[in-house]
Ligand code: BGC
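Shown next as structure tokens: one chain only, the form predicted on its own.
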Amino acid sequence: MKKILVAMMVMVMIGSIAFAGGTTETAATGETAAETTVVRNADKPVVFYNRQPSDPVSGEIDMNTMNWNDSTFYVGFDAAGGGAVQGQLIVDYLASADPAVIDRNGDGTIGYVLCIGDVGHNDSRARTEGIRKALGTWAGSTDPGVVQEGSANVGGTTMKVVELEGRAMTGTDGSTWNANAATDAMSGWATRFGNQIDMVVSNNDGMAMGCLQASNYPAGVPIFGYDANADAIEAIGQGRLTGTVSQNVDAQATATLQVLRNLLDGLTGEDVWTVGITEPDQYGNKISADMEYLPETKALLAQNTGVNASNWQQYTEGTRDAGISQTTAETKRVLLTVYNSADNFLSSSYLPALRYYAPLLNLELTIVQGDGQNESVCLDRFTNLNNYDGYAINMVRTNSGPDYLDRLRY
């Protein structure tokens, strides 16, 4: 009986070793037979995208989250550079404008109102700063109301610039970057400030389009957005929207997937952020738009371009990166979260791009969408993690990275 028990224990031990992965070598032939390798969830690739892990007050990057493991990265766009591009787009417009036309009440002052997306979001901060610095209204803060009197060249004449009001567009449900809140705000601004409003500026296209929905939007007043969403590009073509900024959503979406693909294929070092991105991969794929890697924050960033009446046709809906074609890599499964199903940029631009490029890279996406307010909506569905090879995370709050990573510990 003892011999039988000992034999059974040995068999269990051998089975446990085999399940743990690695390779076994037979004594007779020396041949190696590959076993299934079990990768801990904590060691799997994690790519944060669109919302960079950071402190919502100071904006400081959360490097504890970014250093979760060697396979943790952020993919987004050059936020500071994008703010500067939007500011320059506005300055260039003013430089060629007729002062007698744009200064609606003839008081010698260019008054503008500002739609702020989320005071705790790094991208929103960068855009607000870029706008205010370009117009001279920067007073050292991105907070609503913290501004100074500025100036700008308007058709060859230096004119005073004032920010009549800047407001964070928070919906009644607590969601940020809210287009409906922008509609309501614009209606109130038009009533309150009247012809003092010479220009409208927004941290994104969704809120800019929301402003245009106000029944009393002042006809002919220039308005600038950010994102180059399909409806915004169409509005530029129709002469309703003055300008926007493309953050090269296809480059971001592809880079999010390509970094995951590279990590899942076992690439390490600079190959993770260069192969298929700034140099061709084994299939000849390479992202066409410019990308920059910042090693100090493990961030891969797409560059921005201004869009206006002179070049809007280049950004029409359906244009995809011809540099990406079908691969034959092994299919891998990725769990991907979206902080808000109602976010205009993510739903109309980013997700369609992800869905287009994922099959080309042989990545099978399971998409979880939140409500833009409660982190739990995504977290409660950030489950069955053993079923996935990697994770792409877009948070409601930029300091929620640890909440997702804690799920991967077990």
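Counting begins at 1, following the sequence as shown. Everything numeric in this text was worked out from a predicted model, so none of it was measured.
One more form of this protein should be noted, the form predicted in complex with beta-D-glucopyranose (BGC), which is absent from this view; the next part is about it.
Q: Please name which of the stretches 123 to 131, 235 to 243, 166 to 174, 180 to 188 has residues with heavy atoms lying within 4.5 Å of beta-D-glucopyranose (BGC) in the model of the complex.
A: The contacting stretch is 123 to 131.
Q: Whether residue 258 contacts beta-D-glucopyranose (BGC) in the model of the complex should be assessed with a 4.5 Å heavy atom distance threshold; does it?
A: Looking in the model of the complex, residue contacts with beta-D-glucopyranose (BGC) do not include residue 258, since no heavy atom lies within 4.5 Å.
Q: Is residue 73 part of the interface with beta-D-glucopyranose (BGC) in the model of the complex - any heavy atom within 4.5 Å?
A: Heavy-atom contact with beta-D-glucopyranose (BGC) at 4.5 Å: absent for residue 73.
Q: Answer for residue 54 alone: is it within 4.5 Å of beta-D-glucopyranose (BGC) in the model of the complex, judged on heavy atom distances?
A: Contact with beta-D-glucopyranose (BGC), no.
Q: Using a 4.5 Å heavy atom cut-off, state whether residue 254 contacts beta-D-glucopyranose (BGC) in the model of the complex.
A: No - in the model of the complex, heavy atoms of residue 254 and beta-D-glucopyranose (BGC) never come within 4.5 Å of each other.
Q: Taking beta-D-glucopyranose (BGC) in the model of the complex as the reference, which of 68, 345, 382, 356 has a non-hydrogen atom within 4.5 Å?
A: Checked against the cut-off, the match is 345.
Q: Of these, 77, 112, 224, 273, which has a heavy atom no more than 4.5 Å from beta-D-glucopyranose (BGC) in the model of the complex?
A: So the residue touching beta-D-glucopyranose (BGC) in the model of the complex, by this definition, is 77.
Q: Under the 4.5 Å heavy atom criterion, name the residues of 235 to 266 that approach beta-D-glucopyranose (BGC) in the model of the complex, in sequence order.
A: Going through 235 to 266 in order - heavy atoms within 4.5 Å of beta-D-glucopyranose (BGC) in the model of the complex - there is one hit, 247.
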